[in-house]
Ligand SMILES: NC(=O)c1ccc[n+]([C@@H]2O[C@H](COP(=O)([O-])OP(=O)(O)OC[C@H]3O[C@@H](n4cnc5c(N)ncnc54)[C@H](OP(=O)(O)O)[C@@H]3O)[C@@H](O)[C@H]2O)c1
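Okay, here we've got a single chain as structure tokens, the form predicted alone, with questions on binding and movement later.
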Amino acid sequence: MKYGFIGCGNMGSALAGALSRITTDIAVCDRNPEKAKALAEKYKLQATDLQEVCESCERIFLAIKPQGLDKLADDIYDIIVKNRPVIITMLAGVNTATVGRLFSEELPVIRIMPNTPVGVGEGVVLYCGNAFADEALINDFLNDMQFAGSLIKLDEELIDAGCAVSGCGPAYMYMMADAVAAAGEKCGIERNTAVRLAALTMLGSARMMLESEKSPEQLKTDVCSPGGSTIEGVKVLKNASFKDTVSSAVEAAYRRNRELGGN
């Protein structure tokens, strides 16, 4: 098999789904075999066990929690050293050097940090590779992952910070949308309509940011007519230290990423 997934949680499943649009030469396994079976049936993949994934797959996604890496390495070390697959790790805070130390210093390792919108093909996937992941390998991987969304290369020392922005960011966006929708509901709009309005507004605003040469601050100013309604709402957010609060959330996530990696 070309690809294998160890772990079929939300992120692993989303990435397997995106990858399946290019190839179904994918084997999946999970501590809960029923999860792997359900994922395999959904995308016409092969559900198997941990040993088979490690023995038969050329490229293996580590789609588990960082806390489980040491035990996993103990369980599969001999097979990995023998077969030398490419390891694709998405473990928060865990760098390529750590993966190399656990398996083999000369093993090709690609580190990615995706976010949940990969499930609808609109994700952000940050990536980098170690010295043994050559350009041809990286380019082939990027081609296979094209339906996940935007793939953005970052220096590895910035991956933890990038994760705090794009990896954790959807949670902040959902909280904002929920707050806007709840206020709309309070003002008389039906709940589902209010949620749709909030989501479409975020979608359009994001497109404006990507396609405009203006800064986010300038785009915000463009919406705020003097003496109008928008500026009144913006005043409330400023008085509540909205920008500082969001920045603190991103910084807290960054610190936790560093902690997970033992930094």
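In case it trips you up, residue 1 is the first one in the sequence shown, and so on. Note that the coordinates shown come from a computational prediction; the quantities given were computed from them, not determined experimentally.
Just so you know, the form predicted together with this ligand exists too; it's not on screen, but the next bit is about it.
Remark: residue 40 does not count among the residues lining this ligand in the predicted bound form, judged by a heavy atom distance of 4.5 Å or less. Of the heavy atoms in residue 10, some are within 4.5 Å of this ligand in the predicted bound form. Although the partner is absent here, residue 95 sits far enough away that none of its heavy atoms falls within 4.5 Å of this ligand in the predicted bound form. For the chain shown alone, residue 238 is not a contact residue for this ligand in the predicted bound form, no non-hydrogen atom being within 4.5 angstroms. For the options 113, 118, 110, 145, the residue carrying a heavy atom within 4.5 angstroms of this ligand in the predicted bound form is 113. This chain is displayed without this ligand, yet in the predicted bound form the stretch 83-91 from 98-106, 175-183, 146-154, 83-91 comes within 4.5 Å of it by heavy atoms. Contact residues in stretch 134-172 (any heavy atom within 4.5 Å of this ligand, taken in the predicted bound form) are limited to 167.
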